[in-house]
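Have a look below at one chain only, the form predicted on its own, in structure tokens format.
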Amino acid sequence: MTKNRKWIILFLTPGIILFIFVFLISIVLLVGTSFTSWSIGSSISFSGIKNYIYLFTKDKDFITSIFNTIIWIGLQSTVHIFIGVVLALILSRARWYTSIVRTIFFIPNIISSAALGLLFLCIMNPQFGMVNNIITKITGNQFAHNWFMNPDTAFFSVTMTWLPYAGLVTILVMAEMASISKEIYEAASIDGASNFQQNIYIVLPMMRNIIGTATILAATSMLQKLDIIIMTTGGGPGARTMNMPMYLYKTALVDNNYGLANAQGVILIVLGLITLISVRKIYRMDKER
């Protein structure tokens, strides 16, 4: 260890320098300016915790954005992960359609969110959208529902632009499943275990860490979701589909209130840390499987 210390220091130094200048200094500035009154064109003045008091006591749209973000984190951590894991278990058994389904299911994950948003705007268009046309043909009555701008369906419509497409989760779980020895499956088969029993009692317990990792990726992606909301609803109608990144964007770049926006950024980081710690504890990722 002592002999290699200089090489360890040499290889770690670039990463440490990058972390300090790109992340650490930025976070310190973010936290510091969250206690100020600051907008472009005016001087910065210290305001204490007024920004935080305002957000939690007077800003109803911000509370709505937190509520929506937490719901989406919950859906991504459960429904999204469930879809990806189930598909991985189905496709893990080599069949003629495995590679075809896996490729098709992964396509939405390689399309940019902006393009996906435009695609869904067309699919759910009230005049010529495929969804309304299908409902019209089934019912026989003209159906022209504005899915993204109706308060009753906007949240559901935005959610469906990403929730079912768990291709990344499927790929991660299948890659981990490939490391399980075939001898384990053979021994289980000899003992009379069905495929379902093997998945429940052998595969899933061994997949705990990778499912936890996939859950962290899926959940924290909701703390970054911005472009597809801008493309579809812009956070509306009202604040029905407003999430924290969208509201931070609006506060900083539209309202020109950077002090308040940075306070929102600090809260967003705290929510991310809570999410990360919670998932790690739920999946007991610090313990060996």
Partner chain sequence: MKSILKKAMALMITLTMVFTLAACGNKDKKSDESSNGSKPVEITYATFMVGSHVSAAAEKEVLDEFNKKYEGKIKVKVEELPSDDAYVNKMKALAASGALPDVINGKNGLRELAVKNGQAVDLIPFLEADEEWNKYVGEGAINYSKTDDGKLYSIANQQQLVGYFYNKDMFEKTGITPAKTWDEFMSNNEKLKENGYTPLAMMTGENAWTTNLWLAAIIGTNGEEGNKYMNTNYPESYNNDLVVNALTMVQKCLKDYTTPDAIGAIYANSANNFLQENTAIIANGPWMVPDFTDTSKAKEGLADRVGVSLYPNDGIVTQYEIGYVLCTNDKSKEEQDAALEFLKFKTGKEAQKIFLEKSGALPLTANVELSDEYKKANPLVVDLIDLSTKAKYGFENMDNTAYSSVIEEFSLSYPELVYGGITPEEMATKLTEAADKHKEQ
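Positions refer to the first chain, counted from 1. Everything quoted here is computed from the prediction, not taken from an experiment.
What comes next is about the form predicted in complex with the partner chain, which does not appear here.
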property: Output flag, Gly48, Ser92 and Ile202 jointly within 4.5 Å of the partner chain in the predicted complex, heavy atom basis; result: no
property: is_contact(Ile180, the partner chain) in the predicted complex, heavy atom dist at most 4.5 Å; result: no
property: Partner contact for Pro126 in the predicted complex: the partner chain, 4.5 angstroms, heavy atom; result: yes
property: The partner chain contact in the predicted complex: Gly32, any heavy atom under 4.5 Å; result: no
property: Partner contact for Met242 in the predicted complex: the partner chain, 4.5 angstroms, heavy atom; result: yes
property: In the predicted complex, the residue from Ile71, Met206, Ala144, Val131 that sits within 4.5 Å of the partner chain by heavy atoms; result: Ala144
property: Which of 251-259, 218-226, 63-71, 23-31 lines the interface with the partner chain in the predicted complex (heavy atom within 4.5 Å); result: 251-259
property: Residues in 164-183 with any heavy atom within 4.5 Å of the partner chain in the predicted complex; result: none
